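As a starting point, one isolated chain is supplied in structure tokens, in the form predicted on its own.
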């Protein structure tokens, strides 16, 4: 029997033939434990770079051990693609022992990833691609305790970097933790890997961690996680200057439900609306394992009021609208989905990632697939491994399949072959469920699919 923690957020449903519990998109990427998201919007796609809680043993003695950054992305905010690890220490950065709470930014066609070496310094990694691999371009911390302006500070946590590029092109990095006077901001040069002058001290009411900056109509919004005395809300301050003059504004959002511990936000604008990615601990709590070190990612929308204040965000299970429909006539990565039951992902020998550890009864859901005007006749799946079958169902996972793709043995999990089956006449937009069946364990790995 599979461990329960491999299933996502338990939402009670009554689907016949499936588990009593399944996961919705609260959380997203529900098949793995991720936390501390940093958001970057690039070419009509949202990228979330996350601390990898899969690396935490999960016990109080071991604590946080994250050494790598995982990226997930989406073009519709409903189906998310798991890109796996894009940065890892010391593999990609020899001086660091930890890689926590990243943020990413694009400039001049290059991508820069900033991370905390636990609470002991801030590093930067660089790539030509938003999916990495990111590597250390300077061979040392970008900011450390000896950096001018960082000290003096009382029990400073030197981590949680967020880099913001202003309208005039000037880049700023915000960081710090564990005290109202422990907020720091430092200018970065155009190369994004060197600092320009000393760090500047800011103060924030009940400041704990998770610095973030966004700008709306000339107003700078510095948001952060408040300390335990302030319920670890995400609070914010506003100013007309990125480095001074901030006044307390209130809460962006309250402590997330089913979290009851540290909080971390990433605020981004997508298709004209503002969103917050954050973590809670619903997956581990429902699985009845230690939730402290096993977190999961969520996304919700919030609004700015006409007077410049922020309307406190509501935490929802399924409150984000799908931004676009998925085109099944183009190759779709199997690790792109909205919901799942009991699957995992791994690096594919064919490149990228694939869905793995598939057993009888497991399934994935892809939301909002546009079949057009009944042109789909054939389903194609690229698979590797033992035999089984993929049942394709629309909208209702307990309904009758519109196609059954027989999967024969390919000779191993690195031997990829395309399997096909005929489809019943389909038109319009539907949610698609792929339900896996078979006797061998595991059945096969699933790399991509498409229709023709």
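This is a predicted model, so every value here is computed, not measured. Positions refer to the first chain, counted from 1.
Beyond what is shown, the protein has a form predicted together with beta-L-arabinofuranose (FUB); the following relates to that form.
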Partner-facing stretch of 382-390, 405-413, 58-66, 420-428, counted where any non-hydrogen atom is within 4.5 angstroms of beta-L-arabinofuranose (FUB) in the predicted bound form: 58-66
4.5 Å heavy atom contact, residue 279 to beta-L-arabinofuranose (FUB) in the predicted bound form: yes
beta-L-arabinofuranose (FUB) contact in the predicted bound form: residue 98, any heavy atom under 4.5 Å: no
is_contact(residue 207, beta-L-arabinofuranose (FUB)) in the predicted bound form, heavy atom dist at most 4.5 Å: no
Distance check, residue 184 to beta-L-arabinofuranose (FUB) in the predicted bound form, heavy atom within 4.5 Å: no
Sole residue of 159, 212, 112, 80 within 4.5 Å of beta-L-arabinofuranose (FUB) in the predicted bound form, by heavy atom: 159
Position in contact with beta-L-arabinofuranose (FUB) when the complex is considered in the predicted bound form, options 365, 264, 294, 233, heavy atoms within 4.5 Å: 264
